[in-house]
Each structure stands twice: as structure tokens, then as C-alpha cells.
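Given as C-alpha cells, the chain that follows is alone and in the form predicted alone.
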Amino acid sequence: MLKIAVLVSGGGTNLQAIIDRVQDGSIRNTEIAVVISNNYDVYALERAKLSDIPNEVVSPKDYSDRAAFEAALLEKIKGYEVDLVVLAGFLVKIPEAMVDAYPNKIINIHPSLIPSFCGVGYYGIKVHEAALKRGVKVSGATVHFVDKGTDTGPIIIQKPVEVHDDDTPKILQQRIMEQAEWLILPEAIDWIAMGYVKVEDGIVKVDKSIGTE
């Protein structure tokens, strides 16, 4: 059984997609051990409560400095003895100590086709604003492992989404969530839980002939 921690910052729509897919069996062999938010009073925590999932808040506001917050976050995650950390709209840079503690065991969902519109400063609605400003005809979402860079880790899965001429950033954001993010994040977790995913020389290989069937 793959035990996962899901880290969130806001409404938790990607978290809900994971919860739903665990419950209906689409994500196999997986248990959500905890949901951790860096913010109080966000709806993602309510989603966890409604599904009887342990939930915690580790907020930078409660610590004297960034180092103390990062140490507390890592300690909290370790306390749940998870196998995989899932960043589902978690708007905090992951500390290097956490990457060292969970090599190729932290995944993130990013709302573009990496390497486009990613890196420092590209998050949330800003990604879609930049995509529309550039005039791209296709955008999408990417699930990748987290390394010590920003959106630079090995890519697990991507899904393209068509951009329409009359799109606004919010409309494009919603379409990418519905047609890509809510599909590929659960799929990536399932692949990892089933042992299909390997990282070789910084490249992800997916082999569905191996693993736990």
C-alpha cells in the first residue's frame, strides 16, 4: 500500500480529484495518510475532513523564520511515514532537505506543458496569463518529480489542452484543470503505486508490464 501525503494551499480541487479516484478504485493500492496545508481556513482542509482524512496545518506564520518552518514541515511529513509526497496546488518552495529526504518521492502538478511557462514566478493564474499573452494554441498540464530546481524535475506525464481564441486566463485555467490536471495527477499516483515508474538518468520510464498487478 502506497501511503501519500497531499500538500495544499487553497481550495483543493486537485486533492478532491485524488480523493475521488482513491475511493472509486482508479488509484489503486493507495492510502491518503494526511493532508497538510500551509494556510489555515482553506477549503482543501474541509475536503479532507469530509472524507475522514487526517489533516494538519503547518504555516510559516507560526514559526520564527523560514528554516524553522521548513524543519517543522519535514518533521510533520516524516511523522506519517509516507512513501510519496504529492504537491496538489502547494504554493511553497520545497526545501532542499525535503528533496534529500524524499528523492524521486515528491511529485508536483504544474498547469502548463513544461518547459513552457514554468519556473520562478510561474504559478496559478500567472501561468495562464503568460500563455495567452504569448498566443499559444495548445497548453496543458504536467506531473513531474520535484528536484532542487523550480519545475525542473523529471517529467512523469503531460496532457495537452487546446487554447481557444476567446479564452480568458480564468477560462483557460478551468479547462486545463478539468481536461488535464484532474486526470493526470491521479493517473501518475496510480502508476507510482503500481510500480510502473522508474527514473533512469533523469528521465522517467513508464513500463506497465512490471509492478504490482
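Quick caveat, the model's predicted, so the values are computed rather than measured. In this text, residue numbers run from 1 along the sequence as written.
Missing here is the form predicted in complex with a small molecule; even so, the following discussion is about that form.
- In the predicted bound form, the small molecule sits within 4.5 Å of a heavy atom of Gly11.
- Shown alone here, Tyr122 lies within 4.5 Å of the small molecule in the predicted bound form, counting heavy atoms only.
- In the predicted bound form, the small molecule lies within 4.5 Å of some heavy atom of Met177.
- In the predicted bound form, the small molecule sits beyond 4.5 Å of every heavy atom of Val86.
- Checking Leu73, Ile109, Ile106, Ala131 against the small molecule in the predicted bound form, a heavy atom within 4.5 Å turns up for just one residue: Ile109.
- Stretch 177-185 is the contacting one of 177-185, 31-39, 161-169, 54-62, since its residues have non-hydrogen atoms within 4.5 Å of the small molecule in the predicted bound form.
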